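Quick heads-up: it's one chain on its own, the form predicted alone, in structure tokens.
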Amino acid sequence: MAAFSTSMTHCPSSSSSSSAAAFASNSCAINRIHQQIALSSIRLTRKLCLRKPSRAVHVQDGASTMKVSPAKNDGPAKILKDGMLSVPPVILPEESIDIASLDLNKESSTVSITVVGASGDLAKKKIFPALFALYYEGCLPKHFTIFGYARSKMSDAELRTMVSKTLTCRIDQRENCGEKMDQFLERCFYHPGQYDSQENFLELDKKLKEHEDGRVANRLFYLSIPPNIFIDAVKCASTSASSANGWTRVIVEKPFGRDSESSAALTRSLKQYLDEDQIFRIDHYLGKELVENLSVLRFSNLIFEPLWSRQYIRSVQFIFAEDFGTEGRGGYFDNYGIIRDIMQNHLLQMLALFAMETPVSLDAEDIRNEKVKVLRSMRPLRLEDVVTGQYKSHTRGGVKYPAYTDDKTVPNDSLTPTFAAAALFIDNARWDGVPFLMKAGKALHDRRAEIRVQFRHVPGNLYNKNIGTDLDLATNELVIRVQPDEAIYLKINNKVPGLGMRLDRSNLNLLYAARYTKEIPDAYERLLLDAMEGERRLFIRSDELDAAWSLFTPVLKDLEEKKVVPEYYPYGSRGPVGSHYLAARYKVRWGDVGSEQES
């Protein structure tokens, strides 16, 4: 794709002594002030939901990039003794500015969002509702169009009917929600076509241009399709439906391959048609409120940063549990398994954010650089540090729950794990020797996603006789509950009121539902907004993906080549017993055991 940049024309120096030169210089200075006022006005009028554009952004397809240097402002305009107006030069702050995202003339630009795979469950349940929520909150630009693209034959009216069934007026329950919904649906259109058809994408391009109406056209493609047709769709969108005068960006859903080799091949194929800065690899867990709050919790609270190391932390646990099986997704899931589906992406991304060093700034590249350093410091997983399981049929309360292999789309002899636990280690000065435990499973006894930070025992604890022999009951623990019922709480030891000396374990609790009345946005809302703004902080870079796969590929090959039989566990249980032996090997226990009594 062609991309070009333009340089800002600089005004002449004001050092000339002639009146004409002084007048020209002052005119340029006034123009500079007008330019800065325009930029400032844009920043002021942006909604609270919009964040500043990322710095050092590579701009695609006609969007310009400019870099300017800082200078001190010498003060307000002054009147010279010869009557000329003297205005000190105003230079914009030093940063690379994405001109398209600043949208200097909002009337002259538009955003076209194409959901490729619009008839699928992800589009219906997540993408369209997220786009409506952004529109409802005033976060979408004035001029925008949404197109659904899929192989199914459908009219615009049929698409709107399908989409309307999944839209909700959940945000603040405002009275004008029905009206907003109608306005949103009027912006939604549909174009049927094959994912590998240049001709169909050219037809889509023609329709997009009709709605863009000569404005600067920025285009976002969301690939909500199976990974085996990613490349065909990207090729057609890139060569036949890219913007001619604005940016073009593509959101790619996981899975990003099955191992290091297939992931690298996918990346190479994508980069035949797109630059890295155009590719937005989405992991929706990075858009969850509590995950994004990780760096805030750590870097803006002095009490946590000194404790964030091997000196005080005994273990860190990343736990993902679902209380339902693979109903409806057995065929897809059997090709990937729980390690690829959850651990290699969602849990590993949370681990990298948790364990990274302080970034230079909050810019996307600085944060992603630190995450990559963490991943490259980790030991590749060994087979002996992994426990796998698969749920079996179980009858409870008179109800019979199916086994994984009862799914008609799953082979009867499948060894695909629906549960996995693993111990990982980071070989650097901060985390040397600290076990990072991961556990993910389906058909378990409850639903949760959380991070549990277990601190070390108090050395020479004066109250050991009041605690008893189980020192783990007296261990401080910080819990970050990602879902459901988002919360952050710290377990502390406390004296029970009374004349005796009896200790109790209590929680210092921040329950989001009690503290904040505003509903937490869905992760897809945040990530879609970031993609439109060109903010890449919560998206995965190619070298980050390579480092993640290098950790898991060896153990995945061992599991498949050695045909390791998973440990079977009843539907609705806590999972395989082997996971507890794994934790015990590193002298820790899973923090979620007995957690039903917590907060």
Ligand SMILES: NC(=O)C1=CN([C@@H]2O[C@H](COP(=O)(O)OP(=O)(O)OC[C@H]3O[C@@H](n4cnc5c(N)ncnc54)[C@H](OP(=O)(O)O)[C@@H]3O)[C@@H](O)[C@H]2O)C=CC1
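Note that residue numbering begins at 1 and tracks the sequence as displayed. Here the structure is a predicted model, which means the values were calculated and not measured.
The form predicted in complex with the named molecule is left out here; the points below concern that form.
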Check: In terms of non-hydrogen atoms within 4.5 angstroms, which of the given stretches 120-128, 360-368, 390-398, 201-209 touches the named molecule in the model of the complex?
Finding: 120-128
Notebook entry, point to check: Of 304, 312, 516, 332, which residue is found within 4.5 angstroms of the named molecule in the model of the complex when only non-hydrogen atoms are counted?
Noted result: 332
Notebook entry, point to check: Which residue, 259, 289, 277, 253, has a heavy atom that falls within 4.5 Å of the named molecule in the model of the complex?
Noted result: 253
Margin query: Since only the chain is shown here, I'm wondering whether residue 152 would be in contact with the named molecule in the model of the complex (any heavy atom pair within 4.5 Å).
Written below: yes
Note to self: Please determine whether residue 226 contacts the named molecule in the model of the complex, using a 4.5 Å cut-off between heavy atoms.
What the structure shows: yes
Next item on the list: Look up in the model of the complex whether residue 436 has a non-hydrogen atom within 4.5 angstroms of the named molecule, and give yes or no.
Entry: no
Check: Using heavy atoms and a 4.5 Å limit, would one call residue 184 a contact residue for the named molecule in the model of the complex?
Finding: no
Checklist line | Stretch 562-592 - residues with a heavy atom within 4.5 Å of the named molecule in the model of the complex | finding: none
